[in-house]
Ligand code: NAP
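Take a look at this single chain, the form predicted alone, given in structure tokens.
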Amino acid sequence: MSDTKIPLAGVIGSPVAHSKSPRLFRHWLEAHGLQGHYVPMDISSENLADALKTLPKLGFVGANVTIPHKERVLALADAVTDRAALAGAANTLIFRADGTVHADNTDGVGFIENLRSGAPEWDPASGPAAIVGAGGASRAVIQALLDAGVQDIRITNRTKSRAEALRQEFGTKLTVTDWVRVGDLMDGATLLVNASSLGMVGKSEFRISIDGLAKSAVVTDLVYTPLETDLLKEAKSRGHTTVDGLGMLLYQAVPGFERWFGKRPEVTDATRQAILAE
């Protein structure tokens, strides 16, 4: 009988039953013939600190983090990567053998890998990038675009102060457009990112005109429920390359899986189908 410990990991949130991550990790574990388990953990805010102390003792090697804990875990972690600090949130935790918790953010990695996979022709130097929404996901997107070499990023948000706060943080390569002048955001842009909840099932529709986009523009939506949003449908009908949001979910999970289970998985059509299957 082997005394090798089977790695345990999971996703922490509240609620968390809707998460697609357990299905994704189960697919990768089976595809690679690996031992391991990945479970959803509905942990309340008041129990989060205790959970992070207890999970390593129970054999957990790490966890993904989702709403509403992505910001708070930064203060609870023993070490925080630069990209997590810049994003102001963590989505990936590594539990060391000594019980210490290391926090990372792979959302930016997931975003840029998904963009490059779905639109390999996209050139960061081709022109301005336009971002709708200044929520938590926007920070990771902005940092990823800057790291990729984008020199001009335009952003708009219903609450302008949130967009202005990002401009103060990321500097002069980021400019803010008033929500009432959102059409100006699109003028000549070669990349459009919907980083808001507009178009998501149960949320308001994306009613912003995309007339001003460059003909060669790539349009990507972080929303993946529905998989093809109305924004993506319209952009596709205009001849734009479109990239759905599911790939970001898949690619952001790759570093965590590799760290916890010792194998770097690939994002393939089979991976997508495994997640989309009911």
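Start at 1 with the first residue shown and count on from there. Fair warning: this is a prediction, and the values are worked out from it, not measured in the lab.
What comes next is about the form predicted together with the ligand, which is not displayed.
The ligand is not drawn, but in the model of the complex it has no heavy atom within 4.5 Å of V243. Not displayed here, the ligand is kept clear of F170 by more than 4.5 Å at the level of heavy atoms in the model of the complex.
For the chain shown alone, V223 is a contact residue for the ligand in the model of the complex, at least one non-hydrogen atom being within 4.5 angstroms. Residue contact check for S126: none of its heavy atoms lie within 4.5 Å of the ligand in the model of the complex. Contact check for G133, G136 and S196: all three have a heavy atom within 4.5 Å of the ligand in the model of the complex. Listed stretches are 183-191, 197-205, 96-104, 80-88; the contact stretch with the ligand in the model of the complex is 197-205, by a heavy atom cutoff of 4.5 Å. This chain lacks the partner; the member of T159, S117, Q151, T175 within 4.5 angstroms of the ligand in the model of the complex by a non-hydrogen atom is T159. This chain appears without its partner; in the model of the complex, the one residue of L249, L48, L34, A214 with a heavy atom within 4.5 Å of the ligand is L249.
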